[in-house]
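Shown below, as structure tokens, is a lone chain in the form predicted alone; questions about how it binds or moves come after it.
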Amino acid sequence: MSTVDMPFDDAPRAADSAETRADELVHKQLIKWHFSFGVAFLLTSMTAGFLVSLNFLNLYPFENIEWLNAGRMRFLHTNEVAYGFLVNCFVGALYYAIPRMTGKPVFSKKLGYLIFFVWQFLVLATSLGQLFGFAQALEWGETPTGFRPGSWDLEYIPVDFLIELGAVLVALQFLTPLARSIHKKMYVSQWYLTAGIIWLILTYVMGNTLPEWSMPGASGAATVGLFIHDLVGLFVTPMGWGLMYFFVPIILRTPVWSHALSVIGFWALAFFYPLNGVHHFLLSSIPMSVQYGAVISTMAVEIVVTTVIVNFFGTMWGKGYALRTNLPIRWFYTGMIFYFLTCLQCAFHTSLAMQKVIHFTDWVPGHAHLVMLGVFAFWIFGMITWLWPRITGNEWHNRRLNQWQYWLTLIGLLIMFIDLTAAGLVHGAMLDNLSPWMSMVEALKPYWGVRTFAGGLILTGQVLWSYNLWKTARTPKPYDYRVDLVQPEAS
């Protein structure tokens, strides 16, 4: 990306009028509200996850309350992360990034407020519906259809269909400025974000409508597998990488190292990722040709990972000091390293030989937490940490609390990932040796205790950060942008 095409920066420079116009395009109130509710749902979802971990230690506090049982609480944990935290925070970041990249406002500010309130209602309706027994039997797609299975008898709010309508409104809101951009060429962020918004609609319909109504049996299972992974690969991933390509050059104040590599990464994602999801159902009744295709495409995704990682580390060339001096950059690049590790791990464990060992073991949630928390949540933490003083206009209440969040989250995640990986290998070996079930449970209890400890560290980090966000928004203290500029350290 040339200097002319780079997104507007917050630092003052000669083109003050252009910067002012860019800032006027941004609806800061909507950004702040989406971030605030996203963080609130992150806290409730992590609290639910922590409570579920206690169930494995026979310490679950709501064992005799049906609507708060651990199985339903697990739905709340995963779905509020997906729809409450990730979607809210990505949409909030889009309100900042897209107008500044395109030089055009979003479709409608009033539509923005409608989307905001309706989306929070849908997330709450999803959580309550799952707790009260109206969830679908779809992995990561437990959002209630509102109808009795196999019929049109309405028994709850039709959340699924309303989410699909909401996704169309989100597309209208953000695709409009992308289509009307003042720039003749599309920067790579716009490629990712445009595709991610469109893929969200297609993926959600595929995973939450077709299996329920028209695809029973193995075909429905294969489609659900595609949904599980495509929601990550065709929505969360392009949103994350698209926003990374926007924020990292701005913070480092340097163009992306290679536009060609960025385009290769995008098309490799579009070509290889759609088939990955079937690897969730290896060694099943799904035709082996489809399973082999999923294994090969999963391994091929390393092309995406390698090109993007090389590109971003090339962008940082000569500015490695930013990892020490700039917390958002540290969040971004820690997440990149975890992205490489999790995809490398995925390429190995999708092989049929490895699946025989780790399938249905704690290896899988260890891997899932590394990618969802260690990659995408880390990137969101970086975005919010950089944007929050800019949209509130206030200096941080306590910058040390942000550092505490980083280290508690990083250490907790590493402990959890290593612990669950080890637990998965132990469990897999015992399954292979046909060990008695209770022997496996006893062997895994120490690992589950460590997981709860790690989860406590992670949750503590988010509580401290949330308090810091709240105090910063409520404490008027002019923000000085120069504090966060990436500058060489004095020799």
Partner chain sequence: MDRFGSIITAAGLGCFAFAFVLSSLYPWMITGGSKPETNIAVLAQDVSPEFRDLKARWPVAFDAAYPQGVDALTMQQLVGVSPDDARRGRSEAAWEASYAQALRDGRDSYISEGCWHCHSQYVRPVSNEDQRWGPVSVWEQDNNSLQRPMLWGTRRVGPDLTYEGGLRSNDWHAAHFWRPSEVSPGSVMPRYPWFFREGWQVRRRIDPEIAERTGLSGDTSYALPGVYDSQAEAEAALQSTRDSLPNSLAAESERLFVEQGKGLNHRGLSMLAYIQWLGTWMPEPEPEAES
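Keep in mind that what you see is a predicted model, and the values were worked out from it rather than measured. Numbering follows the first chain given and starts at 1.
Separately, the form predicted in complex with the partner chain exists; it is not shown, and the next lines address it.
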**Report entry** Triplet 136, 215 and 224 all within 4.5 Å of the partner chain in the model of the complex via a heavy atom
**Finding:** yes
**Report entry** in the model of the complex, the residue from 375, 308, 234, 86 that sits within 4.5 Å of the partner chain by heavy atoms
**Finding:** 234
Query - Heavy atom within 4.5 Å of the partner chain in the model of the complex - residue from 284, 258, 108, 325 - result: 284
Requested in this report: Although the partner chain is absent from this view, report whether residue 427 comes within 4.5 Å of it in the model of the complex, heavy atoms only.
Outcome: yes
Report task. Please run the contact check for residue 94 against the partner chain in the model of the complex: heavy atoms, 4.5 angstroms, yes or no? Result -> no
Query raised in the report: Does any heavy atom of residue 71 come within 4.5 Å of a heavy atom of the partner chain in the model of the complex?
Result: yes
Query raised in the report: Quick one: is residue 278 in contact with the partner chain in the model of the complex, heavy atoms, 4.5 Å cut-off?
Result: yes
**Report entry** Heavy atom contact within 4.5 Å of the partner chain in the model of the complex, the stretch among 118-126, 313-321, 140-148, 386-394
**Finding:** 140-148
Query - Residues within 4.5 Å of the partner chain in the model of the complex, restricted to 420-436 and counted by heavy atom - result: 427, 430, 431, 432, 434, 435
